[in-house]
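There is one chain below, alone, in structure tokens, taken in the form predicted alone.
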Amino acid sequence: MRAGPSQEEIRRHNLGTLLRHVHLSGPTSRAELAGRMGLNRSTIMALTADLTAAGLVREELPRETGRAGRPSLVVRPESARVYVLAFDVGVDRLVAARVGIGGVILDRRETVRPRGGFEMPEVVAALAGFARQMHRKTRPDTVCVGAAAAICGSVGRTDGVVRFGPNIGFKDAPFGEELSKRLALGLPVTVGNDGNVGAIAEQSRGVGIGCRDLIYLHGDVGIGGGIVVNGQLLGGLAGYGGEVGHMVVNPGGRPCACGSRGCLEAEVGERALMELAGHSTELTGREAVRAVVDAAGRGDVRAQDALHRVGDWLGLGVANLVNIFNPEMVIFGGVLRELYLGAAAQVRSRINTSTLVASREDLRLRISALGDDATVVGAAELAFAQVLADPLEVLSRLA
């Protein structure tokens, strides 16, 4: 029979919990931290002293108190000193960011690329080049505590291998390992599917703050999804859970890049919308979807019909997810933001006719609050996970 947690384990847990509060909530008083964590002020003082000595936080007097008596010191994240590298590999862009603890984007690089298959060595070299540019601008006392990437493909839970990324041409690509080698920081690179990473971002820093059951849908050429159940990301046995874009909504429908037909992403994706609306394929991404929505608003009958049909399939897909998972919130990100805004009535109509009343009665439909930054913000949160779990141990290894 195992004894209870040791004092060191309790201390490690409390350090991580306190740091997480400050990382997610920003400057927080000692008194508020004591209340949130259920600890006395002397314990909070000892914990903040340890984190301050490690360079993870700093303490200072509040600017204004509005109360009589001795003010409680405010604990702030050392955003300029402790950071992670966050990357996003999309179908038409590469993004790299240096993100300070507390979620502050300190530096950022982005390049737009023509769509089509990517060569992994080229992508890795471009992202590593961005990282070197940002590193040259850091102060000598800064420390990188993690690295992570979001990518539009199916990613293994433990090895960072992109098993299948049809829209970027990756298959069984050891992306995490290769990027880690090129960065040469002695740190592994965590890799996550863009839908899963976006769900993490919206729950921690976006429209889903405080929501423990949500579904995030991310659209570009395809559709990815992240499902959060009782506060935890649903990853599945090997990490491939949440591939909602390949849920079949129209058997025998449009061919999908995965080899099936009638998948949600085939019926709702950008290509389907543009084809139905009769629009040129010269525009892509958000601009293309916005052009169809604008045309529908001006009375273009074909654009209106396209939005209606695509909105119906999107609503059916959401209805299936609502019946299965009973989420509190469904969030539309990427190009699905514009698509949902243009077809909200049809999406809601389909949900109302195809879901159980009990499953939808408290449902909220929202667009992403983080916009195009959702995936890179989520990647940063992945990269911070280890230091938030055991702050001092991580820093001791990097010292």
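What you see is a predicted model; the values in this text were computed from it and never measured. Numbering starts at 1 and follows the sequence shown.
There is also a form predicted in complex with another copy of the chain; it is not shown, and the following applies to it.
> Counting only non-hydrogen atoms and a 4.5 Å threshold, tell me whether 130, 133 and 186 all contact another copy of the chain in the model of the complex.
Result no, not one residue of the spot touches another copy of the chain.
> Tell me which of 365-373, 331-339, 55-63, 346-354 has residues with heavy atoms within 4.5 angstroms of another copy of the chain in the model of the complex?
Contact criterion met by 346-354 only.
> If the cut-off is 4.5 angstroms on heavy atoms, which of these, 152, 277, 244, 84, is the one near another copy of the chain in the model of the complex?
Answer to the contact question: 244.
> With another copy of the chain left out of view, choose which of 316, 221, 143, 74 has a non-hydrogen atom within 4.5 angstroms of it in the model of the complex.
That would be 316.
> Verify the contact flag for residue 320: yes if a non-hydrogen atom of it lies within 4.5 Å of a non-hydrogen atom of another copy of the chain in the model of the complex, no if not.
Residue 320 belongs to the contact set for another copy of the chain.
> State yes or no: in the model of the complex, is some non-hydrogen atom of residue 227 no more than 4.5 angstroms from a non-hydrogen atom of another copy of the chain?
Within the cut-off, so yes.
> Mark residue 37 yes when one of its heavy atoms lies within 4.5 Å of a heavy atom of another copy of the chain in the model of the complex, and no otherwise.
Answer yes; at least one heavy atom of residue 37 falls within 4.5 Å of another copy of the chain in the model of the complex.
> Answer yes if any heavy atom of residue 327 is within 4.5 Å of a heavy atom of another copy of the chain in the model of the complex; otherwise answer no.
Yes, contact at 4.5 Å.
> For the heavy atom contacts within 4.5 Å of another copy of the chain in the model of the complex, list the residues of 222-240 involved, in sequence order.
227, 229, 234, 235, 236, 237, 238, 239, 240, in sequence order.
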